[in-house]
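Okay, so here's just one chain, in structure tokens, the form predicted on its own.
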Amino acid sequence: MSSSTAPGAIGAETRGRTDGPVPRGERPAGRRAGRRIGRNKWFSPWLFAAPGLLVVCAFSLYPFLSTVYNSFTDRRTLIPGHWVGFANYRELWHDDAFWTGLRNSALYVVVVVPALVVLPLLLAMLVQRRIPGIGFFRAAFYTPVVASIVVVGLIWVWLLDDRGLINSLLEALGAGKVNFLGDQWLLLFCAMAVTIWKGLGYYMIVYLAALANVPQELHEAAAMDGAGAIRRFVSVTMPAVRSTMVLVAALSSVAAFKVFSEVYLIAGPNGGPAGEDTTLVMLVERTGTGLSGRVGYASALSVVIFVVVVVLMLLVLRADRKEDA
């Protein structure tokens, strides 16, 4: 090994460059660079975040602010409109279609959210066991998640039709046909069943990840104390995955209140018999689209939906904090 590549020599050279006197020509340039970096230090993070901020402003913030502004105008599809203050909101208060949509959307939340919080958890506990062939069942339960909502809706319409598979089976068993798609409440609950069926697999995966972090020792200790399966589920499993249950409740609440595709595909664009199955988002689509669409009124509906969703989220978070207290 030559003396120039020895560790001592390298250290000596490095110390010589760093600890030695700075050449006279380099000192002012280094100070200027230091001051320039100090002045631009606040600017660098914004420079890296600028592309993301531009996308958020263009596709989220601007449409939101534009919707809020339009809700105070009488704007139509091809007409800019004028400022009308709270006229659209006063009209909402006296609109029967709005109250029908609000009732259906609220009922959707009340029925769908508890089902999507509990059923995927039970399903995840069943398929988390490592037994031969369990992967097939996991994939089968997840298949509706990746299926197109249009395809799912058409399949369920075919199943629930008067001449569909379910009514054919009922007729063969002598039970008679059931008017699933012609009754107001049956149609709405069928749409809820489709939403639950399609969301089971997605939230099952979320719960599987949470259950994998539950220490097995807790179950074994509870079993040694004589706790049965139900007692272990209530005292061990549920507290361990409680934060995940809150997350699922929040996500499914927002999705259920904004439901559109399932009801639209099963009930049709008119919202079922006499429009009694219309949800709020369907009302927004029906009011604000087309050449004569009332953009201002639809914007007021959208603002109301936004406020209700925010309130739902705050209620879920408040309930979670009470549990932590």
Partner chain sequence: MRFPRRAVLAAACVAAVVPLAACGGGSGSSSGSSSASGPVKGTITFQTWNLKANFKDYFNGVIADFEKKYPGTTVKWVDQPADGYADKLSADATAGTLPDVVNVTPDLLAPLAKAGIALDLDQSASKYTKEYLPGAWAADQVPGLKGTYAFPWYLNTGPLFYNKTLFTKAGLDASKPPTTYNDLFDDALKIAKQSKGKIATLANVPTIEDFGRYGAQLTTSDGTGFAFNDAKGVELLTRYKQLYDAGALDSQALTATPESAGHKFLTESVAMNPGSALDLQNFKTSAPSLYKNIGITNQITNTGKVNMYVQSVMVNAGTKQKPAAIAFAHFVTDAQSQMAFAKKVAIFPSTAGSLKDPYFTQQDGTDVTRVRVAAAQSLSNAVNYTPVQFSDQMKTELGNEVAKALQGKESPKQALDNAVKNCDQLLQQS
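Residue numbers count along the first chain shown, from 1. Quantities reported herein were computed from a predicted structural model and do not represent experimental measurements.
The same protein also exists as the form predicted together with its partner chain; that form is not shown, yet it is the one meant from here on.
When contacts are defined as a non-hydrogen atom within 4.5 Å, none of 117, 213 and 226 contacts its partner chain in the predicted bound form. Its partner chain is not shown here, and in the predicted bound form it never comes within 4.5 Å of any heavy atom of residue 149.
When contacts are judged by a 4.5 Å heavy atom cut-off, residue 187 counts as touching its partner chain in the predicted bound form. In the predicted bound form, its partner chain sits beyond 4.5 Å of every heavy atom of residue 128. A residue is said to contact a partner when one of its heavy atoms sits within 4.5 Å of a partner heavy atom; residue 261 fails this definition for its partner chain in the predicted bound form, lying far away.
The candidate stretches are 226-234, 202-210, 73-81, 137-145, and the one lying within 4.5 Å of its partner chain in the predicted bound form by heavy atoms is 73-81. With contact defined as any non-hydrogen atom lying within 4.5 angstroms of its partner chain in the predicted bound form, the stretch 122-143 contains no contacting residue.
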